[in-house]
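Heads up, the chain below is alone and in the form predicted on its own; it's given as C-alpha cells.
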C-alpha cells in the first residue's frame, strides 16, 4: 500500500501540471492515466501557446491577459518547444472584420501582453502582404495585420512536464485505471483507499491518499459521477460541468513561407488558423458540440469537418487546392457549460470540491500552470499546508531529448525515458514522424522492435502494434479521400 497526499487522475497537461507542482512542493503524489500521456486534447490542439485573439470579441479580457502572461512564462520554461511566429491576418473586402476593428484588436492584444509581447503588431498594405506570403488569394485583398504568438509541440511539452514531475518525486502510471475507491478504515488517519489496474502489466496497484484530483479533461463529468457513486452510494448524481466540443485539424505540406495565418471562414464567420509546425501547415479548427462524456464515435473527425476546412483554406490560399492533406486529427475540448453557443464558450476553468474529491473543469492549454495552482490551493486547505504559488521565474523544464533519426533508437528512447508504452505513443506523441510523407510507416517496424525488447512485450504484441498503427493511417487516408472532392468542396461543419 503506497501512502500519498494526493492522487491525480488524468495525464493531460492539466493533470501533469498538478502532479509537477505538488511534487515540487514536497508532497507525495502519484498520477494515473488510463491511456498515454497527452493522448486526448493535449496532443490534438492547434499547437499554439496564445492568449486567444478571437476571445477579445467575446469580452474575455481577463482570460486573454492571464493567458498572455502564461504564454511568456511557459515559453521561458521550454524555449526549445515553443517559438515565436509572426501571424498574418488578411483583410478582405466584404469580410466581417474590417481594418479599424482588426487594428483595434491587435493593439489591445499588445497592451494585454505588456512587456512580454514577442514583437508589436503592424499593418501591411495588400502589396506588402503578398510580398510576405505570395500564396494569398489576391481577389479582394485590402491588406493585412501582423502580430506575434507562440507555436509549441503540445505532446512533447506535456512529456517534459511529466519528466519534471518524476524528477521531483511524483510517480506517473500510464495504461492504469482506477477501479475502486472507498474511505479508509484507519481510525487515526482519514483518507481514501484506492485500487487501480495496470492493463499492460496485468496487476493491481493500491494507494491510500488524502485527496483525489479529477483532471480527466473531456471525461471530467463521467469520472466525477463514477467516483462520487463509490464514495456516496445512493446519492444523486452531480450536475454536469462540461459542454465539450470537438476541434478538427488538417495537416498539409507547408502552405506559407514562414507566417501563420489567421482567417475568418466565409461560410460561417468563425476564426481558424494556418499554423506552421515541423515543416507542415496545421489548418483548423472546427467547433462541433459532443456529449459529456464523448461517445467513441464522437472522438473522430467527420467528412463534413474535413471538407469545410479544405474548402475554406483553398479560398484564401489557392495553392491548397492542388495539395492533398497528409493527415487529419481531432481533439475534444473540455469546455465549461456556460449556456453559450460552442463558438462563444468561455475557456475559463472551475475547481469543484466534493469532500476529498477535487475536480478541475474547463481551461485551455496555455494556462495549465494557473489551473494547477488553483487546484492545489483547494487541496492545501484539506492537507493543512501552505498552498504552492506560481514562481515569478519558473525553473526550466528538463531539456527535451533529441529526436533520433534511427527508428530503433527512437523506440528505445520513447519506451525507456519518455513513458511510451505503445507504437502510437512513440510515433505520434514522442516524435514528429507521424508528419512524414509516409506517416512514420517506414520506421514503424524498427520502433516497435525496440519497444518490444525494452518493455518485454508478450509474443504477438509487436505485430499487433504494427497492425494497429497501419490501420490508423489507412483509416485517416480513407477519410481524407472520401471527404475531399477534386475541387476541395465540402459541407459546412
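Numbering follows the first chain given and starts at 1. For clarity, every value in this text was computed on a predicted model and none was experimentally measured.
This protein has a second form, the form predicted together with a small molecule, left out of what is shown; the following refers to that one.
At a distance threshold of 4.5 angstroms between non-hydrogen atoms, residue 428 is out of contact with the small molecule in the predicted bound form. Of the heavy atoms in residue 462, none are within 4.5 Å of the small molecule in the predicted bound form. Interface membership of residue 388, defined by any non-hydrogen atom within 4.5 Å of the small molecule in the predicted bound form, is ruled out. The small molecule in the predicted bound form is not approached by residue 181, whose heavy atoms all lie more than 4.5 angstroms from it. Among the residues 177, 200, 337, 110, the one placing a heavy atom within 4.5 Å of the small molecule in the predicted bound form is 177. Of the residues 48, 450, 443, 63, just one reaches the small molecule in the predicted bound form with a heavy atom at 4.5 Å or closer; this is 48.
Judged against the small molecule in the predicted bound form with a 4.5 angstroms heavy atom cut-off, the residues 129, 260 and 282 are out of contact without exception. Contact with the small molecule in the predicted bound form, judged as any non-hydrogen atom within 4.5 angstroms, is confined among 139-147, 379-387, 411-419, 363-371 to 363-371.
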